[in-house]
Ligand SMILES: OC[C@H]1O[C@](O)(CO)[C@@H](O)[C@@H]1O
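A lone chain, given as structure tokens: the form predicted on its own.
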């Protein structure tokens, strides 16, 4: 049941809000570029010879097991170390968001990312390479914590969904750009991989310089005692002079937030916080266990496993990246029209069918040492594109949007930290384990992720409330108290306790 939109505050879609949202969303471009670039460079021979010679040898053995060519823990650590660092740094970023604001935290993200880019592009040994990845992880942790919060707080309720999806949109564009760069640099010997890794500096520079032009969110300014600046920012971002009612709501939320001395403890211990904590966290877990990152991280590796040549594999990754970017537009323009739940449920069905058919094709046609027949290889690429389409307009963008909009101000940075860190932990697990899982489970890995999609689709049907059009500080009243299941957690004594 869709909630009543209730009271909506006066607001226009201003150029300032659009500009601020797009600049902030370049944090997504940083994230996406890194997701796409890591899978591409791990399939480039010059890179493997430099850092992973044993993987290079296995890759070129004529009779090597198709599913185990890239099974190497250090190679997986190259991809996954970034996400382990992001877990730790998203915790620090939650405090920075509250103390210094969302804007300053995004600037820190850009700085960390630039250091990581320099270390990676100039790497002469594996230690330097991993150190660079850890710095990139710090940038991702700070960026992914601050950017969705920034956009959700700066946008009015009626435009929040579409603007927030810009973050995911630029993630997909980053992946696409990375795949295109890898396609061309793979033929630049022997330093093409350095160009690929160094290219990550451009979105970081844009975010760092662009953040100097944007305004801080009204909620963050008012929460930190900068009342006059907060009112000015509210008028600027809403495009109207009559902001008194929304200002009063933010002040009320701020007064409640300031009484919470330990937001992390409060979030965990207070019963009325559990629905938001559970839904926000589990959405990020589900996002990763769709299996999307086996496509985004390792697309060239996966396509080479199926028997496509190196160039064809990189080109196929470009195709899936293009579809990923274009399909995200459906979410940009549809999320505030159709709502969150409808997109999630429809896409779960679409992704489930795709995963099952890919698993069936590989089980039937890809054995230990053969090459899959070309018609089936291209059918598999097509099915993967159908899977990517569904993810791109649903679980990808909405996995970030919904957690950024459901927490009250007093626990918003802490709650979003749990969501972001859950995403990074699961991403680390998938990145570190996938090549080994592919070696051990073979085609069964697609059925493994298909089972997860059944679970997450059921969650969207039965337990996820609709948040379309609800003001961000009205979620408790309009969403959680009215939900058939979660309302039982919102007790009067909990609300009274929050005010004490």
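Predicted model, so just to flag it, every value in this text is computed and none were measured. Residue numbers count along the first chain shown, from 1.
A second form of this protein, the form predicted together with this ligand, is not displayed here; the remarks below concern that form.
- The candidate stretches are 335 to 343, 202 to 210, 285 to 293, 98 to 106, and the one lying within 4.5 Å of this ligand in the model of the complex by heavy atoms is 285 to 293.
- Three-residue candidate spot 31, 172 and 391; every residue lies within 4.5 angstroms of this ligand in the model of the complex by at least one non-hydrogen atom.
- For the chain shown alone, residue 35 is a contact residue for this ligand in the model of the complex, at least one non-hydrogen atom being within 4.5 angstroms.
- The closest non-hydrogen atom of residue 407 lies beyond 4.5 Å of this ligand in the model of the complex.
- In the model of the complex, this ligand stays beyond 4.5 Å of every heavy atom belonging to residue 416.
- In the model of the complex, at least one heavy atom of residue 400 sits within 4.5 Å of this ligand.
- Interface residue among 219, 182, 120, 324, judged by heavy atoms within 4.5 Å of this ligand in the model of the complex: 324.
- Checking 168, 152, 90, 196 for any heavy atom within 4.5 Å of this ligand in the model of the complex turns up a single hit: 168.
- Heavy atoms closer than or equal to 4.5 Å to this ligand in the model of the complex belong, across 231 to 265, to no residue whatsoever.
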